[in-house]
Ligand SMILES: NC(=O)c1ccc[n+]([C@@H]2O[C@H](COP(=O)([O-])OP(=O)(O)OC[C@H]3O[C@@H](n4cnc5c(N)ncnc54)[C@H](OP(=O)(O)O)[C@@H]3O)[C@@H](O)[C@H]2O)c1
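This document starts with one chain, in the form predicted on its own, laid out as structure tokens.
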Amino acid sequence: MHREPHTARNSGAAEAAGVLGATSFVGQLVLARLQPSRHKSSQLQASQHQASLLDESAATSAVSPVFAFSRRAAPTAATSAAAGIHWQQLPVSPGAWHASIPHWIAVCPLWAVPEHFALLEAAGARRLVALSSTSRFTKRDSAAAADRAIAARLAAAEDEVLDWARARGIAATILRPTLIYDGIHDQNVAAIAGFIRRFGFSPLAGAAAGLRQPLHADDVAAACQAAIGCDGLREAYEISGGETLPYHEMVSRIFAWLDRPPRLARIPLPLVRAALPVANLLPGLASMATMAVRMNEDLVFDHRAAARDFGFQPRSFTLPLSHVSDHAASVAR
């Protein structure tokens, strides 16, 4: 995210962008990176000699104006105007839409994107970056039917989006992130932290040595920003966190973040496996039981292609969460 891509050509033009799922926590971070007022300010402050690679990337991929789409109500008009964001509450009638939006970033659930195909066509879409998930692969053979359904739904949505884009000459790129966190809104790190705050311990299945690559939500947003500004990308990329660590280490760091001693309640893995057949009969427990088993499975993905093609450079798993500029400064150094 902090250097120009080696193999892809940056499209360079400052054209309008649309963001689907703009009120999601990743969507908010995408908007923060795309908002015209932010780029104008950063360009005025940075001289040619002092400009970092991140500033250069932001300048070349900046888009104006930015249209934010969401089913939820938009922020206050004052906030939107100050940020240079034009909010639109879905659904929007494609027949009534006349503004040109060549670039689109979809951070809504991938299976919701086809609902907006007509809008994208009416807006003259030429480029689309959409989020899927590595769950397409990791949950494909899960013992829980709900997990398998999610994997199948993601796979079908990817195919539908890419088939539609090919048929209409739209350059589409699917990004598949690993475990996304911001420590506040996510269902991963924030959920573990919430359990620890409430009960004072964290249950682990066996050694809980399965490898994880926690991916900061802002790095997901930066990947979207970088990819939307590039031509010639592949149709799909895995994007993973900058650090690979065992599940139990990830949990221990969350304890440290909360300034609590790590209290890890280890449940023997054979006991967890033995409980699976019973858990599968109870919809609320099936996914929890399979999640416990997955604590000992490596869920690791290679992001070197994304690094090569559009400069993806994620941070290590560090809590408390650093501000965006902190990470940018460390990369620039």
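Throughout, we count residues from 1 along the sequence that is shown. Remember, predicted model here, so these are calculated numbers, not experimental data.
Although it is not shown, the form predicted together with the named molecule is what the next lines describe.
Using a 4.5 angstroms heavy atom cutoff to the named molecule in the model of the complex, all of Phe25, Ser70 and Ser133 count as contacting. A heavy atom within 4.5 Å of the named molecule in the model of the complex is found for exactly one of Val251, Leu179, Leu204, Ala157: Leu179. Note on contacts: among Ala256, Ala149, Ala236, Ala112, the single residue with a heavy atom within 4.5 Å of the named molecule in the model of the complex is Ala112.
Only one of 113 to 121, 192 to 200, 164 to 172, 228 to 236 lies within 4.5 Å of the named molecule in the model of the complex by heavy atoms, and it is 113 to 121. Interface residue remark: Asn188 is counted as part of the site for the named molecule in the model of the complex, having a heavy atom within 4.5 Å.
Within this chain, Gly18 is remote from the site of the named molecule in the model of the complex, having no heavy atom within 4.5 Å. The closest non-hydrogen atom of Leu128 lies beyond 4.5 Å of the named molecule in the model of the complex. Heavy atoms of Leu245 never reach within 4.5 Å of the named molecule in the model of the complex, leaving it off the interface.
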